[in-house]
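The chain below stands alone and is given as structure tokens, in the form predicted on its own.
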């Protein structure tokens, strides 16, 4: 008894193959886009952080994700990881001024009256003049300054390594704490820094830009240059420095930005 022959499937034409692939691609895109939209809508409708805390303004799930990302960054952070540097010839001649928060009254400010205030235990305040800082070993760095807004610029800075400053003024016990806080003299702008980033070998208390003393609009007489962070952490015109084991207040973190802001 003979078995009937099975019908042989007709091979797909090239046009049919293309149409099938296009359909699969479109369907996959639609599913992903729908998932992304639903995820965005869920995040948009999720509750915000309460105002008045060290961080505020961000949606709670986003802040939770940012905090977990910070933990990951801090686990892999190392003093051996150095930001790329460039020859002086590549430094911008006209360095961009992006904000004057905390130094709005720059024209009225007299650098000659300034002293850095370092708040110590028991209410003691260490006062350091610009001349005293300039007597310490000078370090220069030419690197790509990066802003959270998306722009960057190679710029040339010089000053005292924060780690050298700590050693010079016998603040080693304070450097064992978890955080550093810095504020402008008018308290209008302030940042909180994790201690490993502050003690990174490329972090400077800078008093020069392009081989000249800082201009007022760039934070004269002393500003922070911390290449392992975005620009929002590079405080202009440092008035006070504090140390703590809890997060100091941070201007942009209170507005919903990432507290760590690392690169």
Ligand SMILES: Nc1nc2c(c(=O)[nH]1)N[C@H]1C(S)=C(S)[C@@H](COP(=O)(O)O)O[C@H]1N2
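This is a predicted model, so every value here is computed, not measured. Residue numbers count along the first chain shown, from 1.
This protein has a second form, the form predicted in complex with the named molecule, left out of what is shown; the following refers to that one.
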(request) Using heavy atoms and a 4.5 Å cut-off, decide whether 120, 171 and 197 all contact the named molecule in the predicted complex. (result) no
(message) Going by heavy atom distances of 4.5 angstroms or less, which of 101, 83, 133, 142 would be at the interface with the named molecule in the predicted complex?
(response) 101
(message) Which residue, 88, 167, 176, 96, is the contact with the named molecule in the predicted complex, using a 4.5 Å heavy atom cutoff?
(response) 96
(message) I'd like to check something about residue 63: if you look in the predicted complex, is any of its heavy atoms closer than or equal to 4.5 Å to a heavy atom of the named molecule?
(response) no
(request) Although the named molecule is absent from this view, report whether residue 157 comes within 4.5 Å of it in the predicted complex, heavy atoms only. (result) yes
(message) With the partner left out here, check for me: in the predicted complex, does some heavy atom of residue 235 sit within 4.5 Å of the named molecule?
(response) yes
(message) Within 4.5 Å, heavy atoms only: does residue 223 come near the named molecule in the predicted complex?
(response) yes
(request) Within 4.5 Å of the named molecule in the predicted complex, which residues of 187-212 have a heavy atom? Give them in sequence order, or say none. (result) 189
